[in-house]
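Next up: a single chain in structure tokens, the form predicted alone.
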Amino acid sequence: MKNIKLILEYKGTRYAGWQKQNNAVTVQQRLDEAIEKIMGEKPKTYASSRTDAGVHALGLCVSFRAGTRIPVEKLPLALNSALPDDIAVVSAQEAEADFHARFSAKGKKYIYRICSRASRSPIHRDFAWHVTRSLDFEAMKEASGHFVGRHDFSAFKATGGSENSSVRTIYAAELIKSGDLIELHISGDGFLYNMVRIIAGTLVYVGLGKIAACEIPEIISSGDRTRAGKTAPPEGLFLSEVYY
């Protein structure tokens, strides 16, 4: 049996997230169907992250075991022929026997995109949060720096998560502006449920003047979810990369 590692890219708009569900179509379901069609085996797939409904991925890692005789380097072409056009296998390789897409991960990088302009954007509709008011980009940049480091991020997690600890280390949090588009690039050793979307929502509140940039350390220390910003919508979020 081979332990196979895949890197997936997908547009999450049409899917109820990664994980299989009984009453909705998911990315895992479509991938498992493609593997069964191409390899003739029912796989047990594991992902590095369980992205939510509407969230996209540029580099989701998936691992599974299979006895296929198809050369691993041919799997992207073979599987993509059986996948819908909004899901693609970018690369495939045979991993070490003890590799696990979720439990072997050392960190992740996410990108969150915000389109800041009065009129709606048909181009960015499924790929960015549309904020109709102008944002103070410099204040948002100042605020983003306060998230870097090891903190208890209880104030930036949604209810429903299964994490045992709310302590996480953020390696970098960078804001990039290009025209009407603002991107948050954030990486860390792990993220709580909806943590990136809540951080993005908080930065938008800073940009709107509802929260001062200097308040971020106090909000983090408080552990009080009600003091942070709203949870940003899913369409702006991309899982960019997983570190092993």
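Residue indices: 1-based, along the sequence shown. None of the values given here were measured: they were computed from a predicted structure.
The same protein also has a form predicted in complex with another copy of the chain, omitted here; what follows describes it.
In the predicted bound form, another copy of the chain stays beyond 4.5 Å of every heavy atom belonging to Gly160. Residue contact with another copy of the chain in the predicted bound form: Glu142 places no heavy atom within 4.5 Å of it. Among heavy atoms of Ile111, none comes within 4.5 Å of another copy of the chain in the predicted bound form. With a 4.5 Å cutoff on heavy atoms, Tyr10 counts as touching another copy of the chain in the predicted bound form. Site annotation in the predicted bound form: the residue of Ile70, Leu192, Ile38, Leu58 reaching within 4.5 Å of another copy of the chain with a heavy atom is Leu58. Checking Ser154, Asn80, Ser116, Ser104 against another copy of the chain in the predicted bound form, a heavy atom within 4.5 Å turns up for just one residue: Asn80. Heavy atoms within 4.5 Å of another copy of the chain in the predicted bound form map, among the stretches 167-175, 133-141, 146-154, 86-94, onto 86-94 alone.
In sequence order, Arg117, Ser119, Arg120, Ser121, Pro122, Ile123, His124, Arg125, Phe127 are the residues of 117-134 having a heavy atom within 4.5 Å of another copy of the chain in the predicted bound form; the partner itself is omitted from this view.
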